[in-house]
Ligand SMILES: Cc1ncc(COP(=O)(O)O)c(C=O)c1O
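Form predicted on its own, single chain, as structure tokens, below.
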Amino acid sequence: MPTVRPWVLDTPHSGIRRMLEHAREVDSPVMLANGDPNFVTPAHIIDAAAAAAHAGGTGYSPGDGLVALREAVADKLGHVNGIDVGYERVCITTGACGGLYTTLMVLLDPGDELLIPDPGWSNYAAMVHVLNATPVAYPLRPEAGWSLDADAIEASITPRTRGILLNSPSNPTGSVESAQTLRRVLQIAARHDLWVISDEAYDQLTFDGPGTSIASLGGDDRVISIFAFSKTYAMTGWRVGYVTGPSAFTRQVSLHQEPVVSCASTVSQHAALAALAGPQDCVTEMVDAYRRRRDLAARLLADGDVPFVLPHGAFFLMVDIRATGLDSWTCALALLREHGVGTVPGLAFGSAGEGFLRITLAAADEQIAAGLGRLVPAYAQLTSAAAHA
């Protein structure tokens, strides 16, 4: 049998999926682990996709996407994100995930280093690893609300560093970076001649005012921004996102996703066009629901004396379980198997996530209340046991 690349077999896999597998062994757990919105894609988006399919829109699209969708994305980037680009600088991708992977495939040579947030989405490290490059974590601190530390980023740079990956709003922490911090990152990138890759899959899911897209602050020659329809419009299964950056770069993304996926799903692109062109009250309603759930979770945790870091965007919240004396995997499995509530260990997102659990706000209010109704007394029991050990 021919050999395969050994580093591919060693790829680190998602701790989220591992927890979901463990949950199959538990009878009727309350799951606060998933990152999939509990909303159905709005009806007008589904109807538009069906109409386009019936009208014959089921073949391949151009590699960089339908022109009408690219034009609509460029308009959205201007009035929502403050990024002034023409449609020729937009490439439609298979979700933010496909856009990010193709971006890294174009940028990274074997042995290159990419700075990634810690804690951060687990697939960042996996993607870099598969490309035979090296993920280098820059730490985020809970006492700073998980916000970026520009000095820590600069201290992580070596001669092999190729770029800095940002994620705001963040999965798993829910942090939203300030314009001041992002300007410092741009200065660091310019000083060291690095790319900046900005994952903004949750760009419109902010609770305390709009977030800032780093590309709106400058860096036209080095900032690559990646977005998705998945979270904003509850379209995770449609698999459509987009990348914008320097025009020569976005052209390369189009060319290099071709041998992998040819193009993003044409039916999904018609759905995405309807999402941008249609009423936006669905977005407001979902953001309001996530904010209400954040406040519900914060109140229940605070009333139960469970420490946490308040998120300002996305739909996750990090619970501090350091007082239990347990590592995050042991604690998460105990909560699942003994108390019937599913969370995700902070270690699944990097070493700086140790001592925390991620819970999701992408669940009904009643589910969040039920899950925390189990987690709060379990936390009290575990901390009491640790105090008397």
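All of these numbers come straight from a predicted model, not from anything done at the bench. Start at 1 and count along the sequence shown; that's the residue number.
Only in words, not in the display: the form predicted together with the ligand, which the text now covers.
**Q** Is the ligand close enough to S328, L357 and Y379 in the model of the complex that each of the three has a heavy atom within 4.5 Å of it?
**A** Per the other structure, none of S328, L357 and Y379 touch the ligand.
**Q** I'd like to know whether Y124 contacts the ligand in the model of the complex, with contact meaning heavy atoms within 4.5 angstroms.
**A** Contact check for Y124: yes, within 4.5 Å of the ligand in the model of the complex.
**Q** Using a 4.5 angstroms cut-off on non-hydrogen atoms, would A74 count as touching the ligand in the model of the complex?
**A** No, no contact at 4.5 Å.
**Q** Is A289 part of the interface with the ligand in the model of the complex - any heavy atom within 4.5 Å?
**A** Looking in the model of the complex, residue contacts with the ligand do not include A289, since no heavy atom lies within 4.5 Å.
**Q** Taking heavy atoms only, is K231 within 4.5 angstroms of the ligand in the model of the complex?
**A** Residue-level check for K231: yes, a contact with the ligand.
**Q** Within 4.5 Å, heavy atoms only, one stretch in 297 to 305, 78 to 86, 165 to 173, 133 to 141 touches the ligand in the model of the complex. Which?
**A** In short, 165 to 173.
**Q** Taking the ligand in the model of the complex as the reference, which of H192, R183, R239, H256 has a non-hydrogen atom within 4.5 Å?
**A** Among H192, R183, R239, H256, a heavy atom within 4.5 Å of the ligand in the model of the complex occurs only for R239.
**Q** Please identify the residue among A201, L114, C263, L104 with any heavy atom within 4.5 Å of the ligand in the model of the complex.
**A** Exactly one listed residue reaches within 4.5 Å, namely A201.
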